[in-house]
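Take a look at this single chain, the form predicted on its own, given in C-alpha cells.
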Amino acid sequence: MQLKGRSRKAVLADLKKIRAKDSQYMDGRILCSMCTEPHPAAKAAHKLFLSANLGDAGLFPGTSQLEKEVIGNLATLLSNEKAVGFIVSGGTEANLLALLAARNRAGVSNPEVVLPQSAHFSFNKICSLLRIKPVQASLDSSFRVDPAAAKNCISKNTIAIIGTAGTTELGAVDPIGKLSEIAVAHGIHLHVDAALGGLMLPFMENAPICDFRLEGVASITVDPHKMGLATVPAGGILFRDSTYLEYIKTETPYLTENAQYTFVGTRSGASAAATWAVFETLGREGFTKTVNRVLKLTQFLSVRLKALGFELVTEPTLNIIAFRCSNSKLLARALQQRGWFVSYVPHLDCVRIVVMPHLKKLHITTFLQELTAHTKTHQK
C-alpha cells in the first residue's frame, strides 16, 4: 500500500486494464464453467444491495425478506412449500450444512457417508472438516450411482447418502427415487446435490423426480449462480422442514437475531437480491425458454461431434458433453492454446464442455469449425 491515495479515475483505469486480462463469458470461448454471465437484472440488483449483510438480518429486514421469498420460490420449484433454507456462498457451503445437519442429527461416534464415485469434490473437503468417513459407491454403465452398491455401503455408522442431480463431470442424474427408498428403509438422511440440475430439471419435460416429492429426500443443494443466472456467489441449501435447523444452529447473542444457521457469518445480501431479481424478471416461462435453448444447443453440439467421428462418453442428460478421440489430452491442450477453455478429465480421458446460457449457436459453430480444422491438420 502506498503512502498517498490516487484518484478514483486512475484506480478505475487500472482496474479496467486488469479486468481485461480475464476471460469474458460473452466472448463465447468459456466452455468449461458451470457459472455464466449474470442476467442484467441480477447485476443491477447486486449493485443496489452491496452493503446488505444477511449475517445480521435484523439490520436489513428488506433484504431478509428477499431471501425468504427466494427460498420460497426454490421450495415451490422443488415441490415442498414447507422447506426452509438460505442463500449461501455456494454449493460447497450448502453441502457442508447438509452433512453437518445429518451428522449432528444422527449422533453416532464414527460417522460415515455414502458417496457416489461421481460426487463433487467438495465432499472430500467436507468429510475432512467434519471428520466423516467417506464410503464410495460405484457407478453403473451410465455413470450414475448404482443403488445396490450404495445400499451395500450402509453400516451402523452411516449418517447420510448423497445423490447428485447433475454430476460435475458428465451432468448425469443419479436414480434419486431408488436412493430415497433406501434412505427411508434405513432411516438415513438423503441429500441431493442439485447445484446444477436444481434450476434445470423443474423446467424440463419428462425430467426424473429428484426433489422433496420423494419421501427420503431430507435436503437439497441448488446454486442460483449456475443456471439461475445470479451473480457470484449465490448457492442455496434447502431442508425438508425447520426441525433440521436445530442441528446447524449457532447462538449469536450480540447481533440483531439470536442465532445463525449458515457456516459463513457475514453473508452477502446482494446475492439474495440478485437471485430474486432474476426470478421476478424471467418467471417460469423465461426459465423454461433458457433451459430449452441450452439443451437444444447441447444436442446440436452432440450431433455434430459424433458426425466428426468423436466418441461421446455418454449421451448428455443435461448441458454437459464429454467426448474422446485418440489423444483427448493433447486435443484439450490444443484447444486451450487456441483460446477455447475446455476441461480435460483424466480418469475418463475425455474433453468436457458445459453449455451455459452465455453460449450462442454462433460460438458453438465457430468452435466446431476450429475443431474440424485442427482434426484435419493432425490426420494428414
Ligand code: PLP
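Each residue number is its position in the shown sequence, starting from 1. These numbers were taken from a predicted model, which means no experiment stands behind them.
Not on display, but discussed next: the form predicted together with the named molecule.
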Heavy atoms within 4.5 Å of the named molecule in the model of the complex: which of the stretches 249 to 257, 211 to 219, 188 to 196, 101 to 109 has them? 188 to 196
The unique member of T298, T168, T262, S180 whose heavy atoms fall within 4.5 Å of the named molecule in the model of the complex: T168
Please pick, from R144, H225, R240, R267, the one residue with any non-hydrogen atom lying within 4.5 angstroms of the named molecule in the model of the complex. H225
Non-hydrogen atom contact I30 with the named molecule in the model of the complex at 4.5 angstroms: no
My question is simply whether G90 lines the interface with the named molecule in the model of the complex - judged by any non-hydrogen atom within 4.5 Å. yes
Find out whether any non-hydrogen atom of N95 is located within 4.5 angstroms of the named molecule in the model of the complex, and reply yes or no. yes
Verify the contact flag for S271: yes if a non-hydrogen atom of it lies within 4.5 Å of a non-hydrogen atom of the named molecule in the model of the complex, no if not. no
Can you tell me which bits of 94 to 123 touch the named molecule in the model of the complex, meaning any heavy atom within 4.5 Å? N95, H120, S122
